[in-house]
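Quick heads-up: it's one chain on its own, the form predicted on its own, in C-alpha cells.
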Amino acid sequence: MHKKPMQSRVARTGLAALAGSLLLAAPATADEMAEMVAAAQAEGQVTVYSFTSRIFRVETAFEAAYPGIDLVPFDISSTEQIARIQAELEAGIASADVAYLADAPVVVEALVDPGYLTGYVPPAFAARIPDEFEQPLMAHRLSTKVLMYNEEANPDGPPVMNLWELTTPDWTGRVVMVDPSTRGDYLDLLTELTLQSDAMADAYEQAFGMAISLDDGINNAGEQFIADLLANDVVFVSSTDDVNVAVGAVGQANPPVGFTSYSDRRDNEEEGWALQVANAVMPSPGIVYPAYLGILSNAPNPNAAQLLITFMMGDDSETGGSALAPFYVAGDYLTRTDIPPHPDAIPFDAFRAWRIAPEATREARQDVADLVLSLQ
C-alpha cells in the first residue's frame, strides 16, 4: 500500500537518508498479535528509558490495558540514555527493553550502527506511518526546540520578529536556554543555525540594514549569531523546566524569551505559565526533530517491548486513545497520518521551524560544541 508522505514547507530534508536499521520480526495477524500479548504477559514486565516524563502517563494507561504486565519507566534525557545504553550493553547488562529518545544525530551512530538499538514498526501502523519515519528507527512523533515567549506579557504577539534582535542591548541577559554542553537537542539547535547560515545572513541584513561582517575565527552567519548571543549574556540553565518558568511564569512585566519545547504549552494552566511559540520570527523559530522508539538488542522482555511500542502508537479512535493522549498536544506532531492535527496547534505546513537532517547535524555539531566552549 502506498503511504502518503508528510508534507511541509520546512527546509531540511527528512529522515529517509538515515537507512539501514533491521526491523524485528513482527506479528502480522490477529492470532499472532494475541500470541505476542500472551508472551508479553508471560514475561510480566517491560522497562523503558524515556526522555520525557510523560512516560508515567503511558505507564498508567498501559497497565490498565494489560494488568498482568508491569511497565517500569525511567525518565532519562536522551544524552544520558545514549551513554547508559552504551555502557550497559558493553558490560553485558540487560536492564531495559525499550528506549524512547531523541538526539537523532547521535543515536544512529552510537546505538543503531553498532546494533545496540533495533527498529520495530508495528504492522498495524506500518501503512499509516510515512516511510521516512520508519527508518532507521520508528519516529513516534516530531518534537521541537523553538523560541518561546510569554503571551500574557505580550498579547499582540512575540516581542521579537528576528532572531538577531536577541543579540541587541534590549535583550542582554534576557534570553534563556538549557546549556548545550549538557543536552544534545539544544546543541542541535545551535548547529542548525550554522547549517542555515545563508538564511541567518539574510535575516541579519533584514534586521540591521547591512550585510553581515564576520569576526575573526568565525566561519559563517550562524556561528556569528552564536558568538553574539553568548556575548549578550545568554542565560544557560540546567533543565527545560527552568526555561519554562523563567519565560512563561504569569505576572511578569518584562519577561525573558527562551528556547524550549513548543509542546510544553500543554502545562500552561497547571503550572501557571503563559508560554507561546514565536512562529513568525525570522528566519525560523528553531528546529523540529524525531522522537524515536527502539528495542535494546539484549532486551530481557522482547515480546513486552514490541507490545509497548505497539501500544504507544495508539488505538483506532480519532485521536489515538489513552496511549497517545499525553502526546496529542499542540507542539507535538504525530507521525501517524490518520490522526488529525491538534486543533490548537500551528498546522505543520505553516510551522516555520527547520527539520534537522541528522547526518549533516552530526558532521557539524562537534565544531559548534567547540565554538560554544571557546566562547564561554
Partner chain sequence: MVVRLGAGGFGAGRLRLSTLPLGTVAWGLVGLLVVVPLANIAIELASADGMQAIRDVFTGRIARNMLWLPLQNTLAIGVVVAVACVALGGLLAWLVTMTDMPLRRTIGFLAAIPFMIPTFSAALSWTVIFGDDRLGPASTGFLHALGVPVPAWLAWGGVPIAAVLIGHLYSICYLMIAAALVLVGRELTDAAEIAGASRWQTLSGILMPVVTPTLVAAGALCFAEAVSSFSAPAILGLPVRFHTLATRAYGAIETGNPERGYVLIATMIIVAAALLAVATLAGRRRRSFATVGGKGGRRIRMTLGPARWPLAIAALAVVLFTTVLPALALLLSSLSAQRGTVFGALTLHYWIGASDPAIAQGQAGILQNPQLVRSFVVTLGIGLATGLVALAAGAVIGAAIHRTQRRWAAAGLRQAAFLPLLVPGIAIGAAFIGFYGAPIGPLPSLYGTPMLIVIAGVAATLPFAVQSVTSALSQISPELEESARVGGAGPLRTWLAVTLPLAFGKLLAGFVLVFVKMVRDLDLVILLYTPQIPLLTVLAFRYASDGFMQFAHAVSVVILVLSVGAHLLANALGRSSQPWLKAPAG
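Given the structure is predicted, the values throughout are model-derived calculations rather than measurements. Residue numbers count along the first chain shown, from 1.
The same protein also has a form predicted in complex with the partner chain, omitted here; what follows describes it.
Taken together, Val288, Leu324 and Asp332 are entirely out of contact with the partner chain in the predicted complex: none brings a heavy atom within 4.5 Å. In the predicted complex, Trp171 stays away from the partner chain, with no heavy atom inside 4.5 Å.
The closest non-hydrogen atom of Ser213 lies beyond 4.5 Å of the partner chain in the predicted complex. Put simply, Ser53 is close to the partner chain in the predicted complex: some heavy atom of it is within 4.5 Å.
Proximity of Arg266 to the partner chain in the predicted complex falls within the 4.5 Å heavy atom cutoff. When the partner chain is considered in the predicted complex, only one residue from Thr118, Gln135, Asn303, Thr79 comes within 4.5 Å through any heavy atom, namely Thr79.
Only one of the listed residues (Val112, Leu163, Ala299, Val234) places a non-hydrogen atom within 4.5 angstroms of the partner chain in the predicted complex, and that residue is Val234. In plain terms, the part of the chain that comes close to the partner chain in the predicted complex, with a heavy atom within 4.5 Å, is 248-256 out of 248-256, 151-159, 123-131, 205-213. With contact defined as any non-hydrogen atom lying within 4.5 angstroms of the partner chain in the predicted complex, the contacting residues in 337-376 are Gln366, Asp367, Asp370, Leu371, Leu373, Ser374, Leu375, Gln376, given in sequence order.
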